[in-house]
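Below you will find one chain, with nothing else, as structure tokens; this is the form predicted on its own, and questions on how it binds or moves follow later.
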């Protein structure tokens, strides 16, 4: 089955302008065009587009995504290079997850902090608690926030 830009964009959950931009940036060398120059997406293109979206979400630059696609189009001679790129990006995502986990833990601590302040009517109560008085899961967070 063939899809227009609008139909494929809807299927992906992106704006049609996103697909046009990807094409302009050279990310869609696999997409065929009609005799009138209209982009015609196939079912097989959906997976490519999903991979592009995935790599974009990891923070990979469009230049590197384009390079990855170009390598993929070259065939099996680039497997090692593509694997290296994917492993590198996976490590970057793991680092992002670690950072986000720390951020989440800080937000959870601040939620507890302000709930406690609301219950007691003042922020001085949670602010002046000793580490031993804090819930154990927030002790490291408070130490980090205070530079201890």
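Residue numbers count along the first chain shown, from 1. It should be emphasised that the depicted structure is a prediction, and the values quoted were computed from it without experimental measurement.
The discussion below concerns the form predicted in complex with a further copy of the same chain, not included here.
Within 4.5 Å of some heavy atom of a further copy of the same chain in the predicted complex lies at least one heavy atom of residue 121. a further copy of the same chain is not drawn, but in the predicted complex it has no heavy atom within 4.5 Å of residue 30.
A residue is said to contact a partner when one of its heavy atoms sits within 4.5 Å of a partner heavy atom; residue 66 fails this definition for a further copy of the same chain in the predicted complex, lying far away. The shortest heavy atom separation between residue 82 and a further copy of the same chain in the predicted complex is within 4.5 Å. If you take 53-91 and check each residue for a heavy atom within 4.5 Å of a further copy of the same chain in the predicted complex, you get 54, 55, 57, 58, 68, 72, 76, 79, 80, 82, 83, 86, 87, 89, 90, in sequence order.
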